[in-house]
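Shown here is one chain on its own, the form predicted on its own, set out as structure tokens.
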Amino acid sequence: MNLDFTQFIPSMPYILKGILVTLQIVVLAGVLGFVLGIILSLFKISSIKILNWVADVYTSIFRGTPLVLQLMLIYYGSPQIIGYQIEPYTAAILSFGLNSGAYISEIIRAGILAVDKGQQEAAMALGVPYGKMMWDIILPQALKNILPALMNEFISLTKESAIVTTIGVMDIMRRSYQVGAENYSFFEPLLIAGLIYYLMVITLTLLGKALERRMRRSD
């Protein structure tokens, strides 16, 4: 096997620009998924049955179907559904955010249920409104407990973001593929893309561990 990475050195700035695209998609989709996850988790623990049903159906659909299918339905199906072709970048954020929300809702729900019920009973006895109790008392404790699981979801989102190349988003994978096509050699640029993803995941892992240690010291 004859590998020649030197021919791809001039193309490195072009490939590295894909990091910003990937991070933008991951961060925006992560925020959307987190907000949606909080809402769905509150639906799941609600005493209102219809809210339980809505959250369970949503989670079942998005966890039970492939992410790439959801991405293609949103992108290629938008002209039929809304009569307008949405941008690949927007479709990527929507699909990843909606999918991530289903997984994050289960993580947050488990974190809420893990908080001592006595705190909720005490807050209710003191007349603290439900919304204020969840936002100021229960959720902060739940988020501290589930931080490792949330970081794992964010890392998975970073790796899975590579599938946006299927709809033409100019991320790391797409740019690496284009460089490979121009040089009639795909193995080296794809290895470069793999190394970039690996370094991004390692960085996120280290940041997550550092944040976790800081939160433990603050207890």
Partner chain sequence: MIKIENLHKNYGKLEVLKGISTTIGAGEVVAIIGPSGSGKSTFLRCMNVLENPTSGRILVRDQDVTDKKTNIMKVRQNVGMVFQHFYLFPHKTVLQNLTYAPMKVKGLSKDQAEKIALELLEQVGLTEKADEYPTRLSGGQKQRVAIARALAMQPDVMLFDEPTSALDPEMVKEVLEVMKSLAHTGMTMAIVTHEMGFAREVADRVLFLDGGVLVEDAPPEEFFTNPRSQRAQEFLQKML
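Because the structure is predicted, anything quoted here is derived from the model rather than measured. Numbering follows the first chain given and starts at 1.
This protein has a second form, the form predicted together with its partner chain, left out of what is shown; the following refers to that one.
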Can you work out whether its partner chain is within 4.5 angstroms of a heavy atom in all three of 60, 63 and 107 in the predicted bound form?
no
Taking its partner chain as it sits in the predicted bound form, is residue 123 near enough to touch it, meaning that at least one heavy atom pair lies within 4.5 angstroms?
yes
Taking heavy atoms only, is residue 113 within 4.5 angstroms of its partner chain in the predicted bound form?
no
Contact test in the predicted bound form: residue 141 vs its partner chain, heavy atoms, 4.5 Å:
yes
Hey, in the predicted bound form, is residue 83 touching its partner chain, heavy atoms inside 4.5 Å?
no
Among 97-105, 83-91, 127-135, 69-77, which stretch has residues whose heavy atoms lie within 4.5 Å of its partner chain in the predicted bound form?
127-135
